[in-house]
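There is one chain below, alone, in C-alpha cells, taken in the form predicted alone.
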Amino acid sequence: MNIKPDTARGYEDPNSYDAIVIGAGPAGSSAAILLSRAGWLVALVEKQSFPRRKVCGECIAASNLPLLDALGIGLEFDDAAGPELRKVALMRGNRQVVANLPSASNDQYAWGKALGREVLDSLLLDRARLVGVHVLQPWSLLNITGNVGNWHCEIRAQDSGVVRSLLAPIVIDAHGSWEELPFARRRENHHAVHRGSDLLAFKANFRHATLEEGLLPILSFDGGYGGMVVAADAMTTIACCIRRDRLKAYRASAPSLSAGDVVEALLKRACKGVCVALHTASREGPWLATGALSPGIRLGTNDGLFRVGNAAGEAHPVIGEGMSMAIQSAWLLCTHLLTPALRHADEIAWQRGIVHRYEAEWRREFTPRLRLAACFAHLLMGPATAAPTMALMRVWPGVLTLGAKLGGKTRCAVDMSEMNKLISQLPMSAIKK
C-alpha cells in the first residue's frame, strides 16, 4: 500500500490514496479513522455539509460504546449524549407496557444512550481529520470506474464545481439509504416505482416534553411504527415510519396540513403516551421526511466494492440498530483489511478473499437482527396482529427485554479481543493522535 496523496507532504501524486471512503456517516467515518490510524492514506468524500439533521432514531446501543471509545470520541460522546437508556416501553392506543432493557456485560459500558446525528457525525468527522484523513466535504461522487485494485473516482466540489479524479486500489461504499450514487445504479432502483406499502420515515425534535428519562418507547399504530427518546440537552426525538398508502389516506382527511403535521397529529391520536409526553412541548424546527425505506441485504453484488453501514444492509428501524450495524460493520471490515497475515502480493485475490470473509461474517452477525426487525415491524403495523402482540406483552413484558437482547442491544459483532489486538498493532504515533 502507501500510495501517497499530498505533494505538500513530499509525495508524488496528490490524487492517489490507499483507500477512498464514500460517505461520512458513522460507518464511513469509523472506517476512515481506523485505516488512517493504521498508517493508510485515506480520502473521505461527503456531499453534505455538517452539522446537519438527519432522519434517524438516534439511539446508540451499549454494544457500540467500547468502539466509540476506541475510535477516540468516547468522552465527547458521553458528555454530549442523553441519559442512560434503562427501560423500554411498547405504546399503542391507551395502553403501555414497560420492561427493563438488558444491560451489557461490561460495567463501564452497560447502558446505551441517544445522541443527535448532527452531533455524532460531527464528532466522528472531526476525529477523522485529527488522525490524518483527507476529508473532501462537501464533494459529491460523479462517477466511479475501474476494478479491484485500480479504482478511479470522479468527484465534484458542491460549492465551486471543481472536478477531481481520485485513484485508489480500495473503495469503501458507506453512502446512506437514499443516496443516488453511480455504482448504486447497478442494483435495481427501488425508488423508481411508488408502492402503497412503501415505508416513509419522519423525525422531529421537541423541547419541554415530559418523556421519562431513561425510557425508550416503541410506538405502534395502524400502518406504521415509531419511537421516542430523550437525547442531548433534554431534547426529545420522535421518529416513525408509515406506509405510503396510510399517509395518503390520513392526509386526505386533513388536506390543509403538511405531511409532518399530519404525522404528529396521528401519533398523538394513536398513542396516548405521545400525547402526554408532548402536552407541554414545542417542536424545534420542521419535521424531516425521507424514504422509501428498503430494508434488506445489499451485499453480494460482486462488483469489487466493500460496503459498510446501510450500503451493506438495512434493518427495519423499529429495533433501533441502524447505527450499531453501521459502526460495527466498519470495524468488521477494517479488522480484515488490517490483518497482516491476510495480506499477499496478489491485490485482486487478497481483496476478493476479504470480501468473501467479511460478507460471510456480516451475514452471520446481522441477518438475525434484520429478520427480528422485519417480524416485529409487521406485527406492530398490522391491525390484525398489533392487538394480540400488545396483549402478549402485557402478560409477559419480559418479551420486550428478550427482544432487545436478541436485537443486539448488548452484543457487539466485533470480537473485543480482536479489537484490542488490532489497536495494539497500530503505531504508537497513531494511537496518540
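The structure displayed is predicted, hence computed values, not measured ones. Throughout, we count residues from 1 along the sequence that is shown.
Keep in mind that the form predicted in complex with a small molecule is missing from the display, and what follows is about it.
With the small molecule omitted here, the record of contacts in the model of the complex names 323 to 331 of 69 to 77, 323 to 331, 100 to 108, 243 to 251, defined by a heavy atom within 4.5 Å. Put simply, residue 92 is far from the small molecule in the model of the complex: not one heavy atom of it is within 4.5 Å. Under a 4.5 angstroms non-hydrogen atom cutoff, the small molecule in the model of the complex has residue 57 among its neighbouring residues. Not displayed here, the small molecule is approached by residue 52 to within 4.5 Å at the level of heavy atoms in the model of the complex. Although the partner is absent here, residue 45 lies within 4.5 Å of the small molecule in the model of the complex, judged by heavy atoms. Taking a 4.5 Å heavy atom cutoff to the small molecule in the model of the complex, the contact residue among 201, 170, 267, 337 is 201. For the candidate set 141, 166, 262, 278, a heavy atom within 4.5 Å of the small molecule in the model of the complex is found for exactly one residue, namely 141. Although the small molecule is omitted here, in the model of the complex all of 24, 174 and 239 have a heavy atom within 4.5 Å of it.
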